[in-house]
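In the structure tokens that follow, a single protein chain appears in two forms: structure 1, then structure 2.
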Structure 1
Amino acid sequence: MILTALLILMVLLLLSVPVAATLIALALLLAELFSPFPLINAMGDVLWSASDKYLLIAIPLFILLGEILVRTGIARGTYRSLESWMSWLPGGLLHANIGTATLFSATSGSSVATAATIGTVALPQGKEMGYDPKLFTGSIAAGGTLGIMIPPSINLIVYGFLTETSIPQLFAAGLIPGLVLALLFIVGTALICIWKPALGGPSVSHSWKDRISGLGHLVPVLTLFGIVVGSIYAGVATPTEAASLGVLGALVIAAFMKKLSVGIITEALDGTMKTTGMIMLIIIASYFLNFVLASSGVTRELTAFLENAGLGPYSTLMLAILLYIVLGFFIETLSLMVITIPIVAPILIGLGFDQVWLGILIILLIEMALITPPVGLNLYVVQGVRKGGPFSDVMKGAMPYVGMMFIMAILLVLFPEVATFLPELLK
């Protein structure tokens, strides 16, 4: 059944049927073939449950936050400043992409929102300077995924909810792995560009005067970081509420810098809704697909597979990682979490793995799923912002970063302290 599903999925996607429609068509077909029940009767209820979701509002809010930063020029300022500090590295602007993504991740809980923001400021620069589009777009898609590892993070909230894990602990646990991963991206990018300079761009050295004077451009984003993360840790707001406060903060900062106008707000709203429409249609479609998969027994097959394999802790862990990588090719990430975590987490926690650590490992695998084709939201977002050029550029460009994430996964398994150190300290 899984093979049938994958085959149908591939064919429809390759015929350029829209992703959302493909997922629904697949769901209907599987329901017809494999379930004795009229699952289509559940469509309205399932879609309403999927849409009426308080946690999801953080996605458009973080996108709006990014749009405001982009339209008011704040994001470009941040990008320029980081560029002056980082583009001496082999690969040039690619490092500014990753650096800016890391910084914005600390104010955004959503990976797609982060990728959309960085993409909007970085892509015109890269094009102007004649960068090879593959690694350039790939670094944005991959850098954007840091948004859910570095706190705040919507996906960590979802993991905490599904597994009853403390969310402050998870947030603390995500910080160091997020920074290590960013470092891995930078080192990896530099190595690739030393090996094949054509994939990157010119290393540009800036004077110290430039660098220091550019630091002022970091103030707005650092202030926003203070508002979003500060309001969470000061006990003023929950992580989802903090997204709203972040938007308010961005509006106030922009107004303060005299860069706000009705026209800019309208543009920002239009941009937000365009991206929201694209993401939400895929998300609700994949919720229905998830419902069909669970109803027609795929979930049960998976559980039985993992439980009956009768392997030791580490072999089971490897199997679970493999499962996430394979499913991550095809399933949108929020639904991937919903469908797998209730199965995988209890088994692995039962085998003795720390549940905070496991959360971070799963988030890393989810980050990977965000940039693996054919279904990878971050790839789509970057392609959407780019408005041209073949999708395969983004796909290929993200590949090396998938490899770096895999190395990160190995590091996490070998040195769990990377994730558990900070939460232990906070206890």
Structure 2
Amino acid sequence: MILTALLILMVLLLLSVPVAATLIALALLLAELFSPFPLINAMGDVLWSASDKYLLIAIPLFILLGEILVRTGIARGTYRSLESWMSWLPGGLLHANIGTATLFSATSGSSVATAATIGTVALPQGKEMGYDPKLFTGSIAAGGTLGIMIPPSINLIVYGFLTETSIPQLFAAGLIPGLVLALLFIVGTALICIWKPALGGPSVSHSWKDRISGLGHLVPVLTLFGIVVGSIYAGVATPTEAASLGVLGALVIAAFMKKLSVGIITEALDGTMKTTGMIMLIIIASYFLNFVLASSGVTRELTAFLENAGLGPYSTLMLAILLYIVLGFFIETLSLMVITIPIVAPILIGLGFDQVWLGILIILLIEMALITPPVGLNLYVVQGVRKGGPFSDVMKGAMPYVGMMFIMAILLVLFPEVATFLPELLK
């Protein structure tokens, strides 16, 4: 039954069937093949119950927040400011790519928006200064992955929804691992450029006057981070309410900077509706698929297989990590989450692993899938923004960062306190 489900899933994805349609088709086929009950009769109730959750309202709001930042050009000023502070390091602008992605991740909650924005700002400058296109594009694609780890994160909200885990606890748990991963990216990039200086391009020094004057460009992003995350941790707003406060704050800041117009608002709303429609269709389709898997016995069969395999907790965890790495080559990140988490998470939580810590580990593995070919979404985003050059450049440039993510996964397993320290502190 499990092999049949995986085979049908892979065939539909390889045929380029849209993800939501793939999940619904897989659910209907499995229900027809393996269930003695007419599960299709429950489809309407299941889809409705998946789509009327108050928590899910946070998703379009965070997407809108990111869209406003993208359309108003606030990220461009952030990039220039961080360039003046970080471009003296071995690797030059590569560190500005990562640093800006880190700050932008703290407001947008979206990996795709982060990668697209940083790519639009950084790529022309990198080309003009003669940077190696491989590592330069790879640093942008990898930096964009931080958008689903550092709070506020849409993917953490999805994990919380699927596992009924506290969103504020997940946001707190993602902050330190996200910053440590960003630091790993910076240190790893510097070491690569020390080893092969030609990959890093020229280092650029800026005067202290330029650095100090550029700090003003960081104020909008830091202010929005304080509004969104601060209101959640202070207990004055739920994640959904904090997202709405973030949108209001972004509009006020954009208006104050005289970058707001009817056209920008229209474009932001249009982009929000398209992205939200895609995400919500995938979520509700996966909800029905998970209902079918449970009703037809696939979930029970997989659980029994793992329980009878004689594996200990950590052996089972290693098997799950391997599963995510392999599936990440072929399945888009959000789809990978909604397909696997309802099956994998209960098993691992039942073995004694903390569900907040597990969420951060799974999100990290999902991040790896964003930059591993052939389906790494951020690779295509950066290549699309790049508008030229071989796609293999982006793939090769991202590979060192995949290795750094794997190191981070090892750190999380060996030192779970990296993720659990802040949630425990805030209880």
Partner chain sequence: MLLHVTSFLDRLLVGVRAGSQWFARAGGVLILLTVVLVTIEVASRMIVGRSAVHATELTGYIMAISASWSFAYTLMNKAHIRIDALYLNFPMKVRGMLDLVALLSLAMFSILVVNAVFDVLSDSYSGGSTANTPLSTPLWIPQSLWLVGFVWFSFALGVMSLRAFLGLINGEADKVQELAGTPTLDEQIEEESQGARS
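Just so we're on the same page, residue numbers count up from 1 along structure 1's sequence. This is a predicted model, so every value here is computed, not measured. Just so we're on the same page, rigid core means the largest C-alpha set that superposes within 1.5 Å between forms.
- Here the chain coming from the form predicted in complex with its partner chain is structure 1, while structure 2 comes from the other form.
- Annotation for Pro239: C-alpha shift of 2 angstroms or more between structure 1 and structure 2, rigid core superposed.
- Taking 2 Å as the criterion, Asn41 counts as shifted between structure 1 and structure 2: its C-alpha moves by at least this amount when the rigid core is aligned.
- Here Glu67 counts as shifted, since its C-alpha moves by at least 2 Å between structure 1 and structure 2 after the core is aligned.
- Core-superposed comparison between structure 1 and structure 2: Leu269 shows a Cα shift of 7.9 Å.
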